Each structure stands twice: as C-alpha cells, then as structure tokens.
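Heads up, the chain below is alone and in the form predicted on its own; it's given as structure tokens.
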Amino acid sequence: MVDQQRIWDDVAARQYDTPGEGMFAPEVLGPAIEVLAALADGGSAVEFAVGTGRIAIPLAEAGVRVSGIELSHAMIARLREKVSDDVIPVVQGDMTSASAGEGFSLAILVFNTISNLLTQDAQVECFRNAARHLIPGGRFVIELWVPQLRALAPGHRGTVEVFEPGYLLVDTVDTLTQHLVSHHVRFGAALEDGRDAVIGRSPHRYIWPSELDLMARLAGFERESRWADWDRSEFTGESTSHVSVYRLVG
C-alpha cells in the first residue's frame, strides 16, 4: 500500500505553494474561483483534498462557506499557517470515507487529485462520499487530465512531460492497470542544500472521461457539464484535461 503521508510530507507541503505562479497564477485561479462560486449558488462547499488552501481560501474570500477534507497532516499544518479552523474547518482523513458533514451544495476535487486513489473501487467510493455530503441537486466538480497514451512510442512505457532548467518530469505508464507514476527530478540551482539532484515519485490511476461518467452514475450523479478548462471552453477529442460537473439526482 502506498503511504500517502510519506508522499505529502513536510517537504511537499513547503514546496506546494508557488504564489502568483503555476497553478497559483491569477489567470489559473481566477476562472476556477468564478466557476465554483457560481456553482455553489449561495450554499456551502466541501473540498476533498483541500491541501494548503489553494482553492479553498480564495473561494471563502469570494463569500462561499468552505469546509475541507485532507489526508496529509503536513498539508493541514501549512493551511493553518494561513487561516484558522473558524475560517475553513478541516477534517483529517481519507476522501473516500471521511465526513465533513452534510447539506453542502457543492463538492470539489480539483487538479487531478482523484487519480491519487489507486483503484477503481476507491475512486467510486470517492463519488459515493461526495454524494453523502450533498443536498439533492448538489454538484460535484472534478478537474482531471486526459491520458495522452498517443504520446507513448511503440514499445515504450514512458514519456518526458516537462524539461526545463532545474526540473524534469518523466511519466511511466502501465496500461494494463491504468497506473501512472510521475517521477519529479529537481537538480542544479533548484536545490538549496548542495545536492546534485533529488527525485520524488507520485503514483496515480488515470481515468478515462467515459469511465468517470460511469463512476458518477454508480453513485447517483448525472453529468451536467464538461469543459476543456475553467474558462468553459469546449471539450474535444484533442483536449488534454477537463472540468466535469455532476449533479446529484433526487
């Protein structure tokens, strides 16, 4: 069994926040917060895998009451450096089973995090746990990448996803189990402790969009929308990611 506490440790929590850059850039966060605030429709939201508050804090600042579920103690500690439990209450636990309460109008799971659950059964249970949190008609929003298996050369099981100064990302893929491991290599000036290089690995189980829709149906949801990004652009066969909105039937 993968030790998620070891993966999302103090070092990962410190490196996670990149204020104003990457996934914290205003042009990334702004459209996401706008969409999520509209989908909350005046109700409260629960974010699964709330992390250090990248989404939860600006969403709360936009006027939405936000609670969170987070497995990593280190991520929660980092979040608490920014806001108190009175602002964003967080339950420490697994997003497949932990409860932050009931009566939410919106559940959120962004930035590919459902893929951190490494079995199909666990991913289905995540949907079911979202359903337990929501009012009838409530929405579950998932942001997820689309597997780019076309990038795999014949006979090869890996791709170089990012190569830039100080950082290399290599993904290795097992198409039988739908498991993908991201290998993050940091080197050179990116390190401050004198080492030549460090490597971190994060395992995932990738999900096809149609498979995700079936998981939703098993948990009592129907798909309401799917966009290529938070700007609500059209999802096509060439899209590399999607934002999918599911509504709880009943």
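Throughout, we count residues from 1 along the sequence that is shown. On a predicted model such as this, the values are computed, not experimentally measured, just so you know.
One more form of this protein should be noted, the form predicted together with a small molecule, which is absent from this view; the next part is about it.
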Practice item. Go through 51-59, 32-40, 192-200, 209-217 and give me the stretch that gets within 4.5 Å of the small molecule in the model of the complex, heavy atoms only. Key: 51-59
Review point. Ok, 134, 110, 173, 88: which has a heavy atom sitting within 4.5 Å of the small molecule in the model of the complex?
Key: 110
Point to revise | Heavy atom within 4.5 Å of the small molecule in the model of the complex - residue from 144, 71, 141, 180 | key: 71
Check your understanding: Within a 4.5 Å heavy atom cut-off, is residue 130 in contact with the small molecule in the model of the complex?
Key -> no
Practice item. Could you confirm whether residue 235 comes within 4.5 Å of the small molecule in the model of the complex, counting heavy atoms only? Key: no
Review point. Does at least one non-hydrogen atom of residue 16 fall within 4.5 angstroms of the small molecule in the model of the complex?
Key: yes
Review point. Even though the small molecule is not shown here, does residue 100 get within 4.5 Å of it in the model of the complex, heavy atoms only?
Key: no
